[in-house]
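Just one chain follows, in the form predicted alone, and it is written as structure tokens.
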């Protein structure tokens, strides 16, 4: 089936946002939007073949522009996650980035997420989005072009391929900020989902959840997801790397340091039978359970409201603030005129 294009709505009064829907042979489908090259909806079957939307989001495109709503389903760039004090030094050049979260940079300042992307190509089962970022935009070096290709397979795999080209050496850490709730139930939080992350360490953080440069062991702590258990089992347990009342918002250090394509997380809703496995070639994954979202939000898709702990984000990435710890954290930079690539897959099955 060919990709279906439709008008989603308008932002900034008269700027159109378009949707691109890919449907596979079994009827599973993903709807992508030009705004932030984001995932607007993703319908996957439960064990009985019933399709439900398994990502959070909004009916109104303007709601995606509100950073307090958590970057729902949007692509993040140039650098995902945090940069301490909005600055880093690369190749001898000091770079100053937007201090859009207190004194630090979050998700590159948000520009990649909150602007429309060009659709460069579509096929039977894929869409390619493109965005050009000029040298110095938001303080990052080099003329920088990012392409994001989404492919939906007949095996219910959503594959995301990120490609970056720049005219000189620079940094990149793209990710997708989808929040998953596999239940298909508009009232359920993700605290009842079972999660497994094959990581023995996490990045230690200070009181602002900025990395200290050290790694902590998960064994024997509430951070331990080396075995599958409910997200809600220990989410409110006091711990040095957790902010009270927020819960998990932490980077896990995957065993994959060589760039091999490996399992990063396994998420299950055992009532519906939906299972999601996340694969990546990157060394880290951020577990965030929507603890900064308000309990009182009313925006969403119909009755599927974006609010406190309604979804879990599993963001494949280089560790947060790696630009300030390039010798301590695993890292590879973008080389001039040579394509930088990274791939993430969301693989859906039933149990």
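Just so you know, these numbers come straight off a predicted model, no measurement behind them. Numbering follows the first chain given and starts at 1.
The following text describes the form predicted in complex with beta-D-glucopyranose (BGC), which does not appear among the structures shown.
Q: Pop beta-D-glucopyranose (BGC) in from its pose in the predicted complex with a site C-alpha superposition and tell me open or blocked, counting ligand atoms that come within 2.4 Å of any backbone or C-beta atom (3 or more means blocked).
A: Open, since after superposition no atom of the placed ligand lies within 2.4 Å of the backbone or C-beta atoms.
**Q.** Selected contact from 252, 112, 140, 179, since only one has a non-hydrogen atom within 4.5 angstroms of beta-D-glucopyranose (BGC) in the predicted complex
**A.** Selected residue: 179.
Q. 78, 82, 193, 274: which sits within 4.5 Å of beta-D-glucopyranose (BGC) in the predicted complex by any heavy atom?
A. Checked against the cut-off, the match is 82.
Q) When beta-D-glucopyranose (BGC) is placed as it is in the predicted complex, which of 115-123, 276-284, 226-234, 70-78 ends up with heavy atoms within 4.5 Å of it? A) Partner-contacting stretch among the options: 70-78.
(Q) Using a 4.5 angstroms cut-off on non-hydrogen atoms, would residue 106 count as touching beta-D-glucopyranose (BGC) in the predicted complex? (A) Taking the distances in the predicted complex, the answer for residue 106 is yes, it comes within 4.5 Å of beta-D-glucopyranose (BGC).
Q. Heavy atom to heavy atom, is residue 288 within 4.5 Å of beta-D-glucopyranose (BGC) in the predicted complex?
A. Heavy-atom contact with beta-D-glucopyranose (BGC) at 4.5 Å: present for residue 288.
Q.
I'd like to know if residue 292 sits close to beta-D-glucopyranose (BGC) in the predicted complex, meaning any non-hydrogen atom pair within 4.5 angstroms.
A. Contact with beta-D-glucopyranose (BGC), yes.
Q | Heavy atom of residue 209 within 4.5 Å of beta-D-glucopyranose (BGC) in the predicted complex | A | Although beta-D-glucopyranose (BGC) is absent here, residue 209 would touch it in the predicted complex, with heavy atoms inside 4.5 Å.
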